[in-house]
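Given as structure tokens, the chain that follows is alone and in the form predicted alone.
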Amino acid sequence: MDTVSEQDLRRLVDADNGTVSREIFIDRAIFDREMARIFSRAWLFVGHEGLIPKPDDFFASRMGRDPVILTRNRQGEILVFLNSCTHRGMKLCRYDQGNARAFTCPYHGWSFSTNRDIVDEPGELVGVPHFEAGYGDRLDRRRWGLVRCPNVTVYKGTIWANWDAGAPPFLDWLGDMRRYLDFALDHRDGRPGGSEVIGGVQKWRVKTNWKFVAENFAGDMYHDISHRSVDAVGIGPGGKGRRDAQRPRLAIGFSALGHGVLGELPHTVEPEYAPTFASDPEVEAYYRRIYDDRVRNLGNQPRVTNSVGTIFPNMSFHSRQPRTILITHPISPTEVELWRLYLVDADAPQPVKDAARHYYLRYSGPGGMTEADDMENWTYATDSSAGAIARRHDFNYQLALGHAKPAPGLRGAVQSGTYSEENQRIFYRRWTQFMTGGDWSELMPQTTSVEADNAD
């Protein structure tokens, strides 16, 4: 398509009847509209506090197709800037991460500071070659400072940003999906937060559309058939199967927000302990001990468990074993850059961290056996959809159509059993809402939080 209209988009996605055109996975005009309508308005994961622990640390991140700089200034503020010089657009940070007192463009030497001891507003222009001779007093340094992202928030170590000054607060965006993200970020003994990133960030590119990855993690339990060979190898933390035995999971989708997860409904009694690293007595003793701590710390408070989920549009996570964050950065309609971050309890003994890291790497990331299966599926699905004949035929998302029912304890959520495509239908309905316009009063429900429920 040379251009795409709202009418086209409504025709391409019929979430109510469970059909989606292949065009949305391969078309350039649709991809460009996604960048303008979704990635410039949605809350996006940009990094973790552990990547920028000290003043002047920076981490080069992305928000859709836009490169950004995530940094901590000397006053302790966490800031996000467009990674593009305001003079000619040159990329300021070409290293993945580091520490810098100022950001200086390698093209013409313009430099910018985030230190409030030097500038009034972080990102202000402080150095310009030939300033007096060439510009006199006529160059407005504030006017030509770095483009700063107006909305940045830190949630249990994770950092999120949003370009839209009128966007809702992050926690409203998250709704009760927060419970499932909490399970990934909280200490295994139930304390809030308490996790850290180990081993940096793994990055690699895959020839696929970003939505294949997002929908996979939102609730695709039934693709396990493609992991049979991994199950047979025995890469699990206990030396058996792909992962240790898990309790039954449900497809739980947040209809008004677009998020989806495979997990359990909120409950107040901790399930029986199941050995995790049975082949390593020292590691197993740690998990046994913190299980007892978790039972004591949480008492009769509601808690959830889950395996995987996606926060609309492109942040996915595993919250048990492996315990990871996956960010799907769109590069083109048919290419993504995947980033994996691996989490462990920050105060766990080193042997526990090492055992987790080894397991995470053989499961996930570019060398992980399970992720290799997924990458093959996504790549072939994208490639085989690009042909002139293939593009005429829709995808089918009708599994468990009409089976959704309210999810107890979760405002605005539905559950539809273990094997369902309800979460995918929710994802593409949300995608259509953003792609066809509408202001925030139309895009966000009045309230979606448990706190609001309790206040009623």
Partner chain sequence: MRTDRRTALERLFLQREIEEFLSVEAELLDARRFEDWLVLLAPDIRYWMPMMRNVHSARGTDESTREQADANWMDEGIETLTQRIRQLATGIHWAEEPVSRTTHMVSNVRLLDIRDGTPCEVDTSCRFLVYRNRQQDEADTFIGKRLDTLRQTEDGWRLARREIRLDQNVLLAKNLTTFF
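Residue numbers count along the first chain shown, from 1. Keep in mind the model is a prediction, meaning the values are calculated, not measured.
Another form exists, predicted together with its partner chain; not displayed. Remarks below refer to it.
Peer 1: Identify, from the list Leu250, Leu298, Met375, Val128, the residue with a heavy atom within 4.5 Å of its partner chain in the predicted complex.
Peer 2: Exactly one listed residue reaches within 4.5 Å, namely Met375.
Peer 1: If the cut-off is 4.5 angstroms on heavy atoms, which of these, Ala256, Ile198, Leu79, Leu185, is the one near its partner chain in the predicted complex?
Peer 2: None of the other options qualify; the answer is Ile198.
Peer 1: Given that the partner is absent here, does Thr334 sit within 4.5 Å of its partner chain in the predicted complex, heavy atoms only?
Peer 2: No, no contact at 4.5 Å.
Peer 1: Consider Ser307 of the chain shown here, and say whether it contacts its partner chain in the predicted complex, taking contact as heavy atoms within 4.5 Å.
Peer 2: No, Ser307 stays farther than 4.5 Å from its partner chain in the predicted complex.
Peer 1: With the partner left out of view, is Ala346 within 4.5 angstroms of its partner chain in the predicted complex by any non-hydrogen atom?
Peer 2: Ala346 lies outside the contact set for its partner chain.
Peer 1: Even though its partner chain is not shown here, does Arg362 get within 4.5 Å of it in the predicted complex, heavy atoms only?
Peer 2: Yes.
Peer 1: Okay, which stretch from 119 to 127, 198 to 206, 145 to 153, 319 to 327 lines its partner chain in the predicted complex, with non-hydrogen atoms inside 4.5 Å?
Peer 2: Residues of 198 to 206 come within 4.5 Å of the partner.
Peer 1: If you check in the predicted complex, do Gln97, Pro366 and Thr379 all have a non-hydrogen atom within 4.5 Å of its partner chain?
Peer 2: Judged in the predicted complex, Gln97, Pro366 and Thr379 all sit within 4.5 Å of its partner chain.
Peer 1: Taking its partner chain in the predicted complex, which residues of 341 to 361 have any heavy atom within 4.5 Å of it?
Peer 2: Going through 341 to 361 in order - heavy atoms within 4.5 Å of its partner chain in the predicted complex - the hits are Tyr342, Gln350, Asp354, Arg357, His358, Leu361.
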